[in-house]
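As a starting point, one isolated chain is supplied in structure tokens, in the form predicted on its own.
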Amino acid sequence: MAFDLLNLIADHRSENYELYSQHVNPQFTKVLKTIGFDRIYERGEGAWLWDVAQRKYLDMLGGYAVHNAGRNHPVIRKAMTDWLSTDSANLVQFDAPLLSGLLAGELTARTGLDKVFFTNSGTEGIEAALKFARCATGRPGVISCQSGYHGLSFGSLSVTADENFREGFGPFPSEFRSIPFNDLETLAEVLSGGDVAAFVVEPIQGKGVNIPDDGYLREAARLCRQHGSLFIADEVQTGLGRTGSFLAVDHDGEVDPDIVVLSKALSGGYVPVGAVLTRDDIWKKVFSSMERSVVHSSTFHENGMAMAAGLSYLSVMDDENLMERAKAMGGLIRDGLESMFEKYEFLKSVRQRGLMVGIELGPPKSLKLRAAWKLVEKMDRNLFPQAVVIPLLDDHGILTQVAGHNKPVIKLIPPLVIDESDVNWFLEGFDAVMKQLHRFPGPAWTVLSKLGKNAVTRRDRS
């Protein structure tokens, strides 16, 4: 019998968690069920999701910033179907694909860099950038920042300083060092040793949504040039319009990175793709002869469908003014959250650039709430933000995330297509959750108590 995908999906409808737990990752399904995130989503459009019961959810997570243009954008979907209809001679390998050249031209025109190497993901992009930097400089060292995140393959994990991800996978190269984010003095000191190939940094750290001081990125790039090191901007999450400009480094003036890594939104939400952009002189040191023309390569890195997705996303970004929308909607979210500060003791700060927003929570002033905060922190430092994230989903149909391990920060990275009514939906839901959280005892604290007891039990067993 001929394969029929639609019938296969229909035959196994709602078996998601059973199959995933049996064949993929049972620990992850346990996490989702514990925090009540075990929904079965079956449809997405723009900034909205629908589950099998046809309840709708506002997506303020955006697939970790993949869906900048929203889910199933008609222009991008048409590009996908159009490409499939061409019966393309895809992945010949010994050829020069047209769409690769077109997409590379669009990216270099927007960044001022000269050459592009395509990858299948942001992590692969970081791996390529590290190789290019070491080859071009002849140096072994790489500097990254504490609390940064650059991926989980071995090279990218070597520049990801979070021990929650690194435990059990070391030792890591001694030439790879991490320094505090936003610390130019330490950066200058380490660069002065003369053995550093590159400094790799997120313009805004995804884990925690940490935004550097004005001038930090510009001065960091200058220090790299002074000491003969390359400046690598990891724009996997921040690039492609997320912060209100094409690259997040653009907010700091003339940064002029030597290498830029892009991914996520370039996919249009359909096909994995990444891009490493760099200068001609760096490129020529890596691909220095015909014999070295494929010294770095990948089987699927110029997949025609991925190239079509990238080209169509850039078109949508321009045609729908998504960068301007990111600035406007991000400003509305920030202003709305800041207006709640006087009402709610747990709110400490809002960090925002475009539609990348971090809402920091902290210990309250009142004695009863402070005691409750300390009790939850003692059980598990990761628990308290769940008192916001869980009811946002359960009670208000809003999907968000905690910004990282041991970080009392709620992170928002929604599709750039959200409008004012979506912002109001989020703000009304967030306000209601905050109001409930400031009632002790109350339902939010009951949930936290159950989660805390589970966490303590798991620790005791281990």
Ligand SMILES: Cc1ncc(COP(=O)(O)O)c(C=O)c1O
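Counting begins at 1, following the sequence as shown. Since the structure is predicted, the reported quantities are computational estimates derived from the model, not experimental observations.
Although not depicted, the form predicted in complex with this ligand is the subject of the following passage.
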Have a look at 115-123, 335-343, 83-91, 365-373 and name the one stretch with heavy atoms inside 4.5 Å of this ligand in the predicted complex.
115-123
Answer yes if any heavy atom of Val236 is within 4.5 Å of a heavy atom of this ligand in the predicted complex; otherwise answer no.
yes
Interface membership of Glu202, this ligand in the predicted complex, 4.5 Å heavy atom rule:
yes
Is there a heavy atom of Arg242 no more than 4.5 Å from a heavy atom of this ligand in the predicted complex?
no
Given that the partner is absent here, does Arg353 sit within 4.5 Å of this ligand in the predicted complex, heavy atoms only?
no
Between the options Gly141, Gly151, Gly269, Gly358, which residue brings a heavy atom to within 4.5 Å of this ligand in the predicted complex?
Gly151
